[in-house]
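Read the single chain below, which is given as structure tokens and is the form predicted on its own.
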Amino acid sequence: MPLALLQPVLNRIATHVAGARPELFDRLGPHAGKRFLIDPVDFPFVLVLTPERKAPRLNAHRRHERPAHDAAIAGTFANLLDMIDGTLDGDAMFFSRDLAVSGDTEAIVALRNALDDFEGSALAAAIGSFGPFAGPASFVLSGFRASRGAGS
């Protein structure tokens, strides 16, 4: 899949979540401008989240590019989704080695705390960025989760 096709969707998600939930940036504090490498190990690409209040970015890079980052979190796509959605405990995943973190662990903890404090579901907020296509996007995600026997 050409990453150029994915980028507008990622930009929309980052902008929508930032606009709808600005408190996320307050919770990140000094870590808001850092670069978080999100590595879904079962995907051919990685994501870099830069949660700057005025210009949030979520960029896709080919796995071999290993873009510059301050902190990294890696796990299967399904586990990362469940962690973002709050249905899996990031600490438990870390200690069971289902999740790997590296780099600025203080920034990773700040991000985890921000997601834990997120009123509702961060994943639902991201799906909301699809506007009139949020329903079909939610349906596809539910199908994915059901196919692996997790989530709702």
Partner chain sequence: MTETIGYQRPELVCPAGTPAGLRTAVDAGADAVYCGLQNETNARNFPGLNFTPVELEQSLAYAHARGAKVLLAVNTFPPAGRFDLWRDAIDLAARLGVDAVIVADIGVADYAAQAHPALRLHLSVQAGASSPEAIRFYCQEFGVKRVVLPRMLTVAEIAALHREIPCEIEAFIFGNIGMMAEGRCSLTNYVTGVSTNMDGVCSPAADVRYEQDARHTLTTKLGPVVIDRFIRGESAGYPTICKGRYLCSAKKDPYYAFEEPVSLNLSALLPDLMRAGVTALKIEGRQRSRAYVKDVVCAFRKAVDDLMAGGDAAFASLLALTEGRRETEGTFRTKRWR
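Positions refer to the first chain, counted from 1. Owing to the predicted nature of the structure, the values given are computational and were not obtained by experimental measurement.
This next part talks about the form predicted together with the partner chain, which is not shown.
The partner chain contact at H61 in the predicted complex, heavy atom, 4.5 Å
No.
Answer with yes or no whether P40 is in contact with the partner chain in the predicted complex, where contact means some heavy atom within 4.5 Å.
No, no contact at 4.5 Å.
Partner proximity in the predicted complex: E65 to the partner chain, non-hydrogen atom cutoff 4.5 Å:
It does not: once the partner chain is placed as it appears in the predicted complex, E65 has no heavy atom within 4.5 Å of it.
Verify the contact flag for G86: yes if a non-hydrogen atom of it lies within 4.5 Å of a non-hydrogen atom of the partner chain in the predicted complex, no if not.
Although the partner chain is absent here, G86 would touch it in the predicted complex, with heavy atoms inside 4.5 Å.
Could you list which residues of 105-119 come within 4.5 Å of the partner chain in the predicted complex, counting heavy atoms only?
Those in contact are T105, E106, V109, A110, R112, N113, A114, L115, D116, D117, F118, E119.
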